[in-house]
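Just one chain follows, in the form predicted alone, and it is written as structure tokens.
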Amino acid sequence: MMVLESGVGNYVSAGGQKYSCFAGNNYLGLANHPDIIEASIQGAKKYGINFSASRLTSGTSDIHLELEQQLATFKQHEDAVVFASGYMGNKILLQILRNEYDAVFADQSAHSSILDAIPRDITGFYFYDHLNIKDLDNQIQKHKSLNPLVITDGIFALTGEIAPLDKLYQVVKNNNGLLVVDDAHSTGVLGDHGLGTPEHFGLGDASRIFQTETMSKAIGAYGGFIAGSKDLTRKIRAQSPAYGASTSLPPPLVSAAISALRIIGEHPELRSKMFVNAARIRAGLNNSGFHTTDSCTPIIPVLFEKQADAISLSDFLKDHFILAPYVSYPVKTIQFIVRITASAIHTEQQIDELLLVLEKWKRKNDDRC
């Protein structure tokens, strides 16, 4: 585990060394943005570090309400509700929707937060093969008497693949089910306005699609949120134990998120630059003969059949002062992954250096991949 000694930008410091950073989830480069840092400082000066209470007691502030309104506007929904961590979102939503489904169908490579969210009283829980619409439909037909809820990552955290939401939605619609999308890696990334996977597939107005989201990745701040109808957010505030019993989001983080949303709205070119950088890295990997996924997202995995090869590449990059970790993560994958992520703030020189070092490793280890 690398211990950072700096903030996260296109470079990081660790162990007294400076590394070019192609790790993490800072897709728009906002995690260390000076305006967001300043907003966080001003939030701390005005409100302190912690509201020291749950939202349902004395922990709701005017900036919480401002953030929720800004998120609702950003997501083009009636309302939004924020909570301590994006990881909590799937559990909160599946609890609130519990009376509307009898069985859960999840992608085989679903994030651990999805698996943790399955209600304890659900006996009908089934995996479908990764991204396999036919297998999902077959699984639902085998359990035709049950009301289905299908849940998937929007962008898969390790591989950068986009769930085929248009096809998933058609299966769900044909079976009178619900579709839940964990859009942690999609919010601020996919869609014409960065609204996530439904917008990417033209499903922004579709009924019975729900998203869980985070502010800790592209948005550059921290905390989870769910946007939707006023009826949905009212139920969350009134009925969710995870929401009601947890301490409210700290003021510096609330202020940071408000500032980040403003920047995202004013600078759509950040998303454009992120996609350009991602495409350049992916093209370089393909030209050098590495195996990666066919996607447009800023998550660009280098895929190996052997763990030792993935570790070797990550270590080689680190020896050349480039951070791109071998990922050992609680998600089911059939290959070993060095996870490279593109950011809007990566320079052409950084990307050139990354591709040069990747090519050097490839020439030395051509039999490995």
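These numbers were taken from a predicted model, which means no experiment stands behind them. Start at 1 and count along the sequence shown; that's the residue number.
Heads up, the form predicted together with a small molecule isn't pictured, but that's what we're talking about next.
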Quiz item: Only one of 226-234, 99-107, 264-272, 86-94 gets a heavy atom within 4.5 Å of the small molecule in the model of the complex; which is it?
Solution: 86-94
Self-check item: Heavy atom of residue 214 within 4.5 Å of the small molecule in the model of the complex
Solution: yes
Quiz item: With a 4.5 Å heavy atom cut-off, would you call residue 297 a contact of the small molecule in the model of the complex?
Solution: no
Exercise. Verify the contact flag for residue 157: yes if a non-hydrogen atom of it lies within 4.5 Å of a non-hydrogen atom of the small molecule in the model of the complex, no if not.
Key: yes
Practice problem: With heavy atoms only and a cut-off of 4.5 Å, decide whether residue 111 touches the small molecule in the model of the complex. | Solution: yes
Quiz item: From the list 254, 219, 184, 150, which entry has a heavy atom within 4.5 Å of the small molecule in the model of the complex?
Solution: 184
